[in-house]
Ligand code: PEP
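In structure tokens, one chain follows: the form predicted alone.
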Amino acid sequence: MKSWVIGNWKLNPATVSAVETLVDDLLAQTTSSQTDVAAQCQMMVAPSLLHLSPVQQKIKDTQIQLATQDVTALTAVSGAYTGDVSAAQLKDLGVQWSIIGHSERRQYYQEDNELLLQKLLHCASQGLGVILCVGESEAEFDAGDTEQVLVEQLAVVKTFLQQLLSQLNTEEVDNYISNQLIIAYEPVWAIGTGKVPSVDEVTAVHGFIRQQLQVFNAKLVQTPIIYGGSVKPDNAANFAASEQINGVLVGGAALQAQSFMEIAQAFAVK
């Protein structure tokens, strides 16, 4: 299974000029890399909505894929929803994936499974892949509730598959979940804090997630499960060594082309 290295830029950088510089630096790093990174791992970047278009123009002829950090739950196509952006509009722009359920969206916007289900269905209807984020808070981790929280958050996948099967044939559903679904485990207490769970801890959680997914659909045994939370060049190789960790969702370290490439190289030699 090819590994995924995805850069979530969040609300960074602040200017189009800085975004263009970051992409130019990343493309230069990719070209000069002695490791054929693209052959071994799939790289992806997720700029802010405002910066999707200039980034798409720069990477459209490369193997780097493009993701959006959010998509509206109100419609798949268009409508009277001021300020929202639909899956159809994103697809038309050249976006290939959407991050859904990030802990910051859950925290600041109270996004729950009901809303996330609509986003999942809209993305699938327009052919957008989905990176579904799950993870527990520090309080939940300390209380030993990690698995319970993940079961509740992953329940949306079961409902999503049930509704897809009512709309599409089995072959179409199998094709979507085999090629356009990624699960990102991001313990909230590790995001941007410098607190990093051990590789053994992450491996165990990923194994649990995979077991849960298989209950929903046997095809989900091949679903990439990636890790996010204070991933840096100096710990990337440790995560890459685990067979259960199929890549990483990178935050701050993705804002520097060199550090992002070093992380990608760690997974390219996996």
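The first residue of the shown sequence is 1; numbering continues from there. Computed from a predicted structure; not experimentally measured.
One more form of this protein exists, namely the form predicted together with ligand PEP; it is left out here, but the text below deals with it.
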item: Contact assignment for ligand PEP in the predicted complex, among 190, 149, 115, 199, heavy atom within 4.5 Å; value: 190
item: Candidate from 231, 67, 225, 41 lying within 4.5 Å of ligand PEP in the predicted complex - any heavy atom; value: 231
item: In the predicted complex, residue 136 touching ligand PEP (heavy atom, 4.5 Å); value: no
item: 4.5 Å heavy atom contact, residue 119 to ligand PEP in the predicted complex; value: no
item: Partner proximity in the predicted complex: residue 104 to ligand PEP, non-hydrogen atom cutoff 4.5 Å; value: yes
item: Ligand PEP contact at residue 261 in the predicted complex, heavy atom, 4.5 Å; value: no
item: Answer range among 190-198, 174-182, 106-114, 141-149 for contact with ligand PEP, defined in the predicted complex as heavy atoms within 4.5 Å; value: 190-198
item: Sequence-ordered residues of 1-31 touching ligand PEP in the predicted complex, heavy atom within 4.5 Å; value: 8, 10
